[in-house]
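This document opens with one chain alone, in structure tokens, the form predicted alone.
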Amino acid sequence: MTSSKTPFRGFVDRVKAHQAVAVATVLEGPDGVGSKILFDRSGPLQGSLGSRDLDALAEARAKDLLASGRSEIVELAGHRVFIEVHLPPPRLVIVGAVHIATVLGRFARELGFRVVVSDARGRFATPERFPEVDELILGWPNEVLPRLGLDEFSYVVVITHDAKLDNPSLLAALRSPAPYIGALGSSRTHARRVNALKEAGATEKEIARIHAPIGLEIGARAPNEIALAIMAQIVAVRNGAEGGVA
């Protein structure tokens, strides 16, 4: 837990970096008022509330609060402690700078998602076509996706409809904790994709995480409708109503 920064500065830096983080501060108690300790999901990062026992109590409570996304004031060993929690906004990672992606990105931003669009094809991945996304990345998916650090706040949509781009993207996503992975294509296309992914080393359990055909079944045909169906499915998964049932 050594650092030249204060726990509060570390908290601010991690908020800016879109990371899940919590800082505990002693508000009242027999000693240590104003002391702070910083946590992420793995445990303490820097600082102390004044004793190992109090730090351990704060860590246990911070882990619970990080799981729920709540901040609260708690009583710990005779101390009144405020545990402030920050969870990053959800992030939509779109592989494939196709027309559906432009609409999907707009829907996602309206719902509070950060939007990342990536494609290896320079004629598609242009600022003119995607002026409002948070990140536009030109590069091959097997290089780009590992750099993005896909986490439990990342939702991945693979829509290039090109196996040499889609399959490496899916392999990278399947080996991450991303809660949603969707891939565009018919049932026949997905069957071919499954065989290719197995040959590349993906397990059946990993492959079962892919939503394909992608999106809720709403009879979507036009690109705007397909984007709506995809975003609806992502929201359903995020809210624990994966089948679209409230």
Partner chain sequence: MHDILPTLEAWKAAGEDVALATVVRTVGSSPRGVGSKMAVTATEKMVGSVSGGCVEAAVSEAALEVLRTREPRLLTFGVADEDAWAVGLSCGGTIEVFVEPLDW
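Treat the numbers as computed from the prediction; the structure is a model and nothing was measured. Positions refer to the first chain, counted from 1.
The same protein also exists as the form predicted together with its partner chain; that form is not shown, yet it is the one meant from here on.
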### Task
Find out whether any non-hydrogen atom of Q233 is located within 4.5 angstroms of its partner chain in the predicted complex, and reply yes or no.
no
### Query
Does V237 make contact with its partner chain in the predicted complex, using a 4.5 Å heavy atom cut-off?
no
### Task
Look up in the predicted complex whether F124 has a non-hydrogen atom within 4.5 angstroms of its partner chain, and give yes or no.
no
### Query
Any of the heavy atoms of A208 lying within 4.5 Å of its partner chain in the predicted complex?
no
### Query
Among V26, I37, L184, L197, which has any heavy atom within 4.5 Å of its partner chain in the predicted complex?
V26
#### Entry: One residue of R175, R129, H161, R80 in contact with its partner chain, assessed in the predicted complex (non-hydrogen atom, 4.5 angstroms)
R80
### Message
Within 4.5 Å, heavy atoms only, one stretch in 148-156, 80-88, 96-104, 115-123 touches its partner chain in the predicted complex. Which?
### Response
80-88
### Query
Counting only heavy atoms, which residues in 48-80 are within 4.5 Å of its partner chain in the predicted complex?
S71, I73, R80
### Query
Quick one: F11 and A173 C-alpha atoms, closer or farther in the predicted complex compared with this form (3 angstroms or more)?
farther
### Pairwise C-alpha change, D151 versus L38, in the predicted complex against this form - closer or farther, 3 angstroms or more
farther
